[in-house]
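Coming up is one lone chain in structure tokens, specifically the form predicted on its own.
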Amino acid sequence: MCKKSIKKRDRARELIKKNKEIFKCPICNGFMSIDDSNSLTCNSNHCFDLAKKGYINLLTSSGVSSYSKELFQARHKVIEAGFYDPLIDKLVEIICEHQKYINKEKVNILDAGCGEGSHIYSIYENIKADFNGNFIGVDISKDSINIAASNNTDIIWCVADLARLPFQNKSLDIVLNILSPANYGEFYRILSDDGIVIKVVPNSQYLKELRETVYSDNENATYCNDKVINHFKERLEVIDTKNINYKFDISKELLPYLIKMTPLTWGESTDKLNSILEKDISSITIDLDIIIGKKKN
């Protein structure tokens, strides 16, 4: 057994042990505990094993992600290049402001639909020195959490379904939902009374250079996020909105990874994808709305 893997699992076990009170059994909703055998177990003996790579699989069925391993690898490459850095800076600002506002000794942050973990990892790296709390990343894809857990950090990584989150009621103070599907019923349940949900959604100009190329001849060439925002407003009270808009200079080496990671190109033919690569695309527009909400009174 690899020494590095043992260390990761030991580190993850200690993190979960210190924060076992936030977990609930996804089968019977009971409280859970973890022992030296690396199993998270509830009072009814439902048992979930901690993987060697340092994550816990809490799926109750064979969840199927609509995203491939190759997509997550491409996304990881693009994010590492700094594609979303201005977004991360703004999220860090919002989180730190909220931490001061609620003035809790320990703040629990969940990235719901974290993918390969780059966003929550970047946030963690930016604020870990001055932040007292827990960072948790959850995704239904085992492939994505495998990539996420490769980071040597104090982040709890879980394979779990957003429709059945393995956390106690009111146990999370900040729920991040970044360019990912949401489950507001579960978000509402796990959110503390003074907690917030921070959702990031594309705005009309997001990746417009790709959108105009892929959908040049039909109605999908334009995008409106009104439906997504209105759904958020139906479930939560909006307390603030922010827009992030900037250009990212993209190299010819990085462009294929961006094309592979975005749903805009899914299902397109090889000829179509090659035609995009032949375009003179030197910069990409990032246009994102950040919606901050809390529980309705």
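Note that residue numbering begins at 1 and tracks the sequence as displayed. Nothing here was measured: the structure is a model prediction, and the numbers come from that model.
Only in words, not in the display: the form predicted together with a small molecule, which the text now covers.
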Exercise. Only one of Ala160, Ala74, Leu210, Ile147 has a non-hydrogen atom within 4.5 angstroms of the small molecule in the model of the complex; which is it?
Worked result: Ala160
Exercise. Among Ile127, Ile190, Ile156, Ile178, which has any heavy atom within 4.5 Å of the small molecule in the model of the complex?
Worked result: Ile178
Exercise. Are all three of Lys199, Asp289 and Gly293 close to the small molecule in the model of the complex, meaning a heavy atom of each within 4.5 Å?
Worked result: no
Exercise. Though only this chain appears here, would Asn108 touch the small molecule in the model of the complex if you measure heavy atom gaps against 4.5 Å?
Worked result: no
Exercise. With a 4.5 Å heavy atom cut-off, would you call Gly195 a contact of the small molecule in the model of the complex?
Worked result: no
For this session: With heavy atoms only and a cut-off of 4.5 Å, decide whether Ile79 touches the small molecule in the model of the complex.
Result: yes
For this session: Report yes if any heavy atom of Gly113 sits within 4.5 Å of a heavy atom of the small molecule in the model of the complex; otherwise report no.
Result: yes
Seminar exercise, completed: Only one of 129-137, 91-99, 222-230, 161-169 sits within 4.5 Å of the small molecule in the model of the complex by heavy atom distance, namely 161-169
